[in-house]
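In structure tokens, the next block holds one chain alone, the form predicted alone.
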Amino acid sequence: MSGSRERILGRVRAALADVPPGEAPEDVLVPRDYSSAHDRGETIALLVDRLEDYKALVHRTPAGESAEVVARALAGRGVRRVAAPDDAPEDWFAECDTDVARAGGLDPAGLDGVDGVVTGCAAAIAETGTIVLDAGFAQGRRALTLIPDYHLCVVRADQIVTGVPQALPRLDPGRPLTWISGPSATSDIELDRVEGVHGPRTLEVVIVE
């Protein structure tokens, strides 16, 4: 065992020396009186600003026109066949000429064969421009949003929160979480941006108000 490890563990043991036997973390109230959000203006506008900063394509639409916006977005990308979770609302595709493949019947090779994917989300965080999926309603399994190169995400206005502290209670901790902040991207050794390494190169978001 290294000296550094011994020193670190020694400090942990010293800090815990006065903890009564049998006491659990939940037995001690931790003050959380710090600010959980910042006043940065209108929430939806802030989310749009952050998403666009991440190079995502964003549309805002009234609920009655969302199907038309989805259809126009898919047509604009030249999407002829799209995957969707089994429980994704039929209304999303009411105006589409696109072939919609329900993802329950698609293996990874099948997902690789579609032109894109359409899902919902569990929450969208305005301050960070992050969309979170927890495999709940209209979101599907994780592979669904990692394999296709194009992801269109439908976000309801009531799913948008200001910050991470407001998003966490909306998520199911028992499910795998996917946090999406714009299209997949990384930088190579010369710091040149490379998109599409770990997921879709194009993220398009339809915010339904």
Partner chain sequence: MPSFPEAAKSATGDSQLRHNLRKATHTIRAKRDGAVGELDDWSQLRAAGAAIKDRTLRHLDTYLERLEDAVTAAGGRVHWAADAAEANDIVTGLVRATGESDVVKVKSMATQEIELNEALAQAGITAYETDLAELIVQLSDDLPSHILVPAIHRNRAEIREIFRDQMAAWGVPAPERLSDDPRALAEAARVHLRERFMRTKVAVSGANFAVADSGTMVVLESEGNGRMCLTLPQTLISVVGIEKIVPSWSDLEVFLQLLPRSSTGERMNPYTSTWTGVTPGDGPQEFHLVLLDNGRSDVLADTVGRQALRCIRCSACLNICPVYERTGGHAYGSVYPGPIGAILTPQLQGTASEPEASLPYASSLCGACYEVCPVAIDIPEVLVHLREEVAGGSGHTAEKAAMGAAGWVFGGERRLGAAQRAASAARSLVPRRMPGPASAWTDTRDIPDIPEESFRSWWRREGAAEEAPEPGRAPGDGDEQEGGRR
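As the structure is a prediction and not an experimental result, all values here were calculated from the model. Positions refer to the first chain, counted from 1. Here the rigid core means the biggest group of C-alpha atoms that line up within 1.5 Å when the two forms are laid on top of each other.
Below, we refer to the form predicted together with its partner chain, which is not included among the displayed structures.
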- Message: Residue-level question: is residue 160 within 4.5 Å of its partner chain in the predicted complex, judged on heavy atoms?
- Response: no
- is_contact(residue 67, its partner chain) in the predicted complex, heavy atom dist at most 4.5 Å: no
- Message: Check residue 48 for me: does it contact its partner chain in the predicted complex (non-hydrogen atoms, 4.5 angstroms)?
- Response: no
- Query: Does the 4.5 Å heavy atom contact test between residue 87 and its partner chain in the predicted complex come out positive?
  - Reply: no
- Task: Output the sequence-ordered list of residues from 7 to 21 with at least one heavy atom within 4.5 Å of its partner chain in the predicted complex.
- Result: 7, 8, 9, 11, 12, 13, 15, 16, 18, 19, 20
- Item | Cα displacement of residue 11 between the shown form and the other one reaching 2 Å, rigid core superposed | yes
- Query: Rigid core fitted, then: does residue 174 show a CA shift of 2 angstroms or greater between the shown form and the other one?
  - Reply: no
- Query: So, does residue 31 move by 2 Å or more at the CA between the shown form and the other one, with the core held fixed?
  - Reply: yes
